[in-house]
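Below, in structure tokens: the form predicted on its own, a single chain.
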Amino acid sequence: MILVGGIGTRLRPLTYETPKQMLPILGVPMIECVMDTLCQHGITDAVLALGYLPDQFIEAYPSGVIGGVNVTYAVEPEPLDTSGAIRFAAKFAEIDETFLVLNGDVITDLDITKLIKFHRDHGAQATIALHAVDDPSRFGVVPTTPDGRVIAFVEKPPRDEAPTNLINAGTYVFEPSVLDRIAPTGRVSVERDTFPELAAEGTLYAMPDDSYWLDTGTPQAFLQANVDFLLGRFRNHLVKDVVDGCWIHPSSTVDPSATLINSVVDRNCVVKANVVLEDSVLLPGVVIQNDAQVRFSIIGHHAVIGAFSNLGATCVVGASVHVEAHSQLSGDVRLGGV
């Protein structure tokens, strides 16, 4: 089960018109990267727990196959939060056996086969994959006993009060019996409700792992995901046609005088003379006019960056926005929206 119901607030304005899991990493929608990893571990069937802009997924994959995995679309009738979404989608798809749950905006090469074996070996009702981070305050932290039994589940503690730096990495294994403890109506959170209950009963386990892991939910993280793919850091998805640390779609035009560093130029883009593009992502249809400099920024579909403009960390330009010539922009700049 892939949770893709979030509205992507932190990635606005890109997510006003596009669900964050449909945003591309090197031209490939993020959801396909997730499914490709599942396919490598023998997963054949998945349920998409949809809430926000569900038609975009359904229209993009009308055959019901994504990345070699057969997909069932479960559209929430109303926002149900994480546990509520899991219960609704599982009942909709009639899941009656051990199943995986993944956050659709997390990119990881976690050994899913190993996680499932750990879950079964410990007789757990639910198992969480863990990942070590420097600052756990943005996540749920998970202290455990030496054998992996979860002692507590602490959601987003202050950095200096976190009992461990091992965080919930957004990949779980559930037994179907867990569904029965989730209220059938209303919003229920897996992090604030379900996991603490299971931990109190001693039936929640967790497995640390040092695999590649990235929550792509912020502009900085989305940029990092693209750079990591360029540099081959994500081992499950090796990208072809990376030249001098950059990926340029064949349909795009880049002037020979332009300088590109660790950047992605998606389809049907135009990069004109003397442009500098560094650690940035151009989504389809972007035009960068001559002598503009774009660094550590994301430029949305069909946006135009005017000549002699200078965009620095971290600008996010929405779809079809026209940035005027000679603009000087930097910091947490968000242009465009509804």
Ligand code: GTP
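Since the structure is predicted, the reported quantities are computational estimates derived from the model, not experimental observations. Start at 1 with the first residue shown and count on from there.
Although not depicted, the form predicted together with the named molecule is the subject of the following passage.
Undergrad: Based on heavy atom distances of at most 4.5 Å to the named molecule in the model of the complex, which listed stretch, 291 to 299, 60 to 68, 307 to 315, 43 to 51, is the contact stretch?
TA: Checking each option against the 4.5 Å cut-off leaves 43 to 51.
Undergrad: Only one of Asn168, Asn103, Asn226, Thr108 comes within 4.5 Å of the named molecule in the model of the complex by heavy atoms, so just point that one out.
TA: That would be Asn103.
Undergrad: Can you work out which of Val150, Leu80, Ala126, Met207 has a heavy atom no more than 4.5 Å from the named molecule in the model of the complex?
TA: Contact with the named molecule in the model of the complex is made by Leu80 alone.
Undergrad: Does any heavy atom of Ala85 come within 4.5 Å of a heavy atom of the named molecule in the model of the complex?
TA: Taking the distances in the model of the complex, the answer for Ala85 is yes, it comes within 4.5 Å of the named molecule.
Undergrad: Could you tell me if Ile7 has a non-hydrogen atom within 4.5 Å of the named molecule in the model of the complex?
TA: Taking the distances in the model of the complex, the answer for Ile7 is yes, it comes within 4.5 Å of the named molecule.
Undergrad: Could you tell me if Glu76 has a non-hydrogen atom within 4.5 Å of the named molecule in the model of the complex?
TA: Although the named molecule is absent here, Glu76 would touch it in the model of the complex, with heavy atoms inside 4.5 Å.
Undergrad: For the stretch 11 to 38, which residues lie within 4.5 Å of the named molecule in the model of the complex by non-hydrogen atom distance?
TA: The stretch touches the partner through Lys20, Gln21.
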